[in-house]
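Single chain ahead, written as structure tokens, the form predicted alone.
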């Protein structure tokens, strides 16, 4: 957050692949929720495959994407996270520049949500409905009882995801109203305002994201369509 009245500049922070994967996960997670509640299981499976692809893309992009998308640029250890929390609530020194991308707490949130989403889709791949009519593409590799256990894990993990999402949304609200820093618009258009600085994040060519997305799409398609 910049000081009141200080000069600011507009800088690009989030690349298009990062933003698209973020909002794809948001939309498809909502579709998964709605289709499960309304018993549209065929659409639920399709949306779940989409979530799996988007999560795999974001995980891979965290290693080969632009600077702010890479886990190495924003994932910090416990001590750095603790210092950030002290600074956030005004109990620590405020001499370090604000991070361009995710802050240490945001990094923890991203890792937890991506991990839970990956688990959610993996549980779904092996899940079996109570009547055995609808099942994941890999359910044939496990017994009916094991498939039902995966279904229960799928449901329990979903409740845990809702809790983490609620915390995430609360944090966004805290930054918006408590810190006067709106995080959502930057994830839409990709830009943030900051105090002038020579630091400019680097980005990678768009074709890298295109090849990565095509490869992941092919892998997911083979996973769900090949007759094992």
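Positions refer to the first chain, counted from 1. Treat the numbers as computed from the prediction; the structure is a model and nothing was measured.
If you look for the form predicted together with protoporphyrin IX containing FE (HEM), you will not find it shown, but the lines that follow are about it.
Does protoporphyrin IX containing FE (HEM) come within 4.5 Å of any heavy atom of residue 73 in the predicted bound form?
Residue 73: no, not in contact with protoporphyrin IX containing FE (HEM) in the predicted bound form.
Decide whether residue 83 counts as a contact residue for protoporphyrin IX containing FE (HEM) in the predicted bound form under a heavy atom distance cut-off of 4.5 Å.
Outside the cut-off, so no.
Indicate whether residue 41 is a 4.5 Å heavy atom neighbour of protoporphyrin IX containing FE (HEM) in the predicted bound form.
Yes, residue 41 is a contact residue.
Quick one: does residue 57 come within 4.5 Å of protoporphyrin IX containing FE (HEM) in the predicted bound form, counting heavy atoms only?
No, residue 57 stays farther than 4.5 Å from protoporphyrin IX containing FE (HEM) in the predicted bound form.
Taking heavy atoms and a 4.5 Å limit, what residues of 119-145 are near protoporphyrin IX containing FE (HEM) in the predicted bound form?
Counting only heavy atoms within 4.5 Å of protoporphyrin IX containing FE (HEM) in the predicted bound form, the contacting residues of 119-145 are 120, 121, 124, 125, 127, 128, 129, 130, 134, 135, 136, 137.
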